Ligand code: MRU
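The chain that follows stands alone, in the form predicted on its own, written as structure tokens.
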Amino acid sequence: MRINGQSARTIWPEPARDAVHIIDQRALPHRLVFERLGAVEAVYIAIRDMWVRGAPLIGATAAYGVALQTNQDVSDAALERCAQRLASARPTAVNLAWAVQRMRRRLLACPLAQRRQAAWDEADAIAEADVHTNEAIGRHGLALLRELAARKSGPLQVLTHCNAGWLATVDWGTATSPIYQAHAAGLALHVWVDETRPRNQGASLTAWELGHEGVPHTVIADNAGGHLMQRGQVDVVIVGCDRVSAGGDVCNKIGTYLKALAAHDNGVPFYVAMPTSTLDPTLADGAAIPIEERSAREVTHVSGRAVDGSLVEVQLVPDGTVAANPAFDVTPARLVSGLITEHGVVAANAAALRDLWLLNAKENP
């Protein structure tokens, strides 16, 4: 995708394979800051503290973290320590553990002398696969959007929650990939962007992305979505996901469940963009998905740009106020119209997801 008209990705390695570079998303949308990560601990901090975020990008970043480990020590013990450290950075997104385990299996099967090259090759492969996966999700999602647009006059009204854009992946995004491809194809559409408290990823990141791509959009308060659906101003909801159970329950940014309920009540299709790597076949349902509890400060304080252009943090609540901050919720499969995957749109049920998992295993042995 593009920043000021120039093609960009969210993560890229140095040619000498001494470090990787990322966009520090904490500074967006007011400043574009790039960070150099040259060691495993820097990668761990970048994931834990949300310099990078979004399940696919977390996975790719962790893969490069394992590759960085091989610059220092390629022993089995070092790789195991590295894998455990990185996997502990954030508990909910399954792509993190998936990418770390993929790197671990690949490297432990390699002779020591080949591990460094194999690690960087595998991390590159994970990153490239993410780009191709998201492009394919976009193609299948575009077909859905075309079908919906054919039923109405005027721009198609799409609502999305949090940021499942290219900033949450290596490129394209998941939920935004159909939007970007529809916009490029000349399909008239408009995006309602949930602000997404408490970290405001919609207002800070999705709006920033859509602006750079020239996609018409409007930021709304999180609680406005149901109102817009009641008034017929939303044609479809598309969100991303951090983990999907074998039965089709979807874990995503807190507030997604409420959007799904409102969509169900108003007959609005509710789709989830899901790379197959986000499917967790070990969990029968969403009740077993670990929900990350983040710092209360994300709720009690907010950051923004002051009149003088400086970035400031302000307190929203009375001194001493206790706040809870669950970062994710689970949307039951019964509320999901379909899962948009790189292999096509599938139903959110155990049978369809079992077939999808087998297909993906066959194509990616």
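So that there is no doubt, residue numbering starts at 1 and follows the sequence shown. Not measured: the values here are computed from a predicted model.
Same protein, other form: the form predicted in complex with this ligand, not shown, and the subject of what follows.
May I ask whether A97, D280 and T341 all come within 4.5 angstroms of this ligand in the predicted bound form, judged by heavy atoms? Checked in the predicted bound form: no contact with this ligand for any of the three.
Which pick from L32, V302, M50, A323 sits with a heavy atom within 4.5 Å of this ligand in the predicted bound form? Among L32, V302, M50, A323, a heavy atom within 4.5 Å of this ligand in the predicted bound form occurs only for M50.
In the predicted bound form, the residue from E209, D194, D242, D249 that sits within 4.5 Å of this ligand by heavy atoms: Selected residue: D242.
With the partner removed from view, which of 77-85, 156-164, 185-193, 113-121 is the stretch that lies within 4.5 Å of this ligand in the predicted bound form, judged by heavy atom distances? That would be stretch 156-164.
So in the predicted bound form, does any heavy atom of K259 sit within 4.5 Å of this ligand? K259: no contact with this ligand in the predicted bound form.
Looking at the partner-bound form in the predicted bound form, is A168 within 4.5 Å of this ligand by any heavy atom? Taking the distances in the predicted bound form, the answer for A168 is yes, it comes within 4.5 Å of this ligand.
Looking in the predicted bound form, any heavy atom of G54 within 4.5 Å of this ligand? G54: yes, in contact with this ligand in the predicted bound form.
Is R102 a contact residue for this ligand in the predicted bound form, using a 4.5 Å heavy atom cut-off? Contact with this ligand, no.
Just to make sure I understand: among 73-97, which residues lie within 4.5 Å of this ligand in the predicted bound form, judging by heavy atoms? Result: R90 alone.
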